[in-house]
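Quick setup: one chain, the form predicted alone, written in structure tokens, and binding and motion questions come after.
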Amino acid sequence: MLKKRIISVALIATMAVGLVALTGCDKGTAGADNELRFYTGGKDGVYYNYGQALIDEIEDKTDTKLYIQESGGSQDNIEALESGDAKIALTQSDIMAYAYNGSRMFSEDGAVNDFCAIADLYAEQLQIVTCASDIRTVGDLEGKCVSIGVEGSGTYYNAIDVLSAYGLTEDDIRPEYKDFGDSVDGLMDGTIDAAIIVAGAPTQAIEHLESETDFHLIALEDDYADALVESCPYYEKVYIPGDVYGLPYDTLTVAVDAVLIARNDVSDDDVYNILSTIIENKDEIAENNSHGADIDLTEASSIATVPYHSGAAKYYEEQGITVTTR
């Protein structure tokens, strides 16, 4: 049965977090030796702002210290964990599984298994955004200038998947490899025709577009969404409600999940502190980023493709939930 997710809009809270990031007054940016480097994403994306909201609450409630790091996204974050540059990271559920299994973008260098899961956090919707009135379907992207995300990011691979479902390849469009902020700038100045963005809705960059110019989201047709789900078990069909961006319609699309992961050598105490804070203080986190409210204990503990960190397993066990560890 098609799941229709309800997504809360918290424009003021999200903008406030963005302002904090711009002023350079972030907590967790001193880089002290006892801090865990936390790889997130670009500053105009959900990962960075969500990560900062987590840091604020974790450092307020526990003695665990985190240092936020802007990054290129999912693949970059996993590679940073492998090298030891990162200790904690956000990633898409599909990219996480590809890394652990050594498939797709990780097939050449082999599997990465220096990390474990902490929690499944929230849904990340595939959002196809355009200001062009003549682009109404994915098929209309043929020959158009389309931002498909930074190369190596989760967005990039999801864009390739959705194009493939419509019988298109990277060569059938004029691709641009922009992050969320640059994608929106390109839409506003007309240098790109459409952008594919994979992030939890509402997404700060798209909210900025909403305040500046008319745009619309391109829906997937039902059959094509089914084909995507069939081709990749990490996708699910979802709707983006119209009121998320003030649009008069709901948009059918697919989603993956945002997952919090940690290097295997992070202490049980730190992972326990991080997870317990996220679960038990979700309302406070949501005051700074609306996706904080999306965390659900059952969903958080539902990951089956990667083992859980033992520090996370300890917390779940206290809640009566058993998860798989190494």
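Just so it is clear, the structure is predicted and the values come from calculations on it, not from any experiment. Sequential numbering from 1, following the sequence displayed.
We do not show the form predicted together with ligand GLU, though everything after this point is about it.
Contact with ligand GLU in the predicted complex, judged by any heavy atom within 4.5 Å, is made by just one of Met96, Ile88, Ala199, Ala119: Ala199.
Between 229-237, 69-77, 171-179, 97-105, the stretch whose residues reach within 4.5 angstroms of ligand GLU in the predicted complex through a non-hydrogen atom is 69-77. Looking at Ser183, you'd find every heavy atom of it more than 4.5 angstroms from ligand GLU in the predicted complex. Interface membership of Val46, defined by any non-hydrogen atom within 4.5 Å of ligand GLU in the predicted complex, is confirmed. Contact check for Gly41: a heavy atom falls within 4.5 Å of ligand GLU in the predicted complex.
Contact annotation: Ser147 falls outside 4.5 Å of ligand GLU in the predicted complex, judged by heavy atom distances. Contacts of stretch 140-155 with ligand GLU in the predicted complex, defined by any heavy atom lying within 4.5 Å, are made by Ser153, Gly154, Thr155, listed in sequence order.
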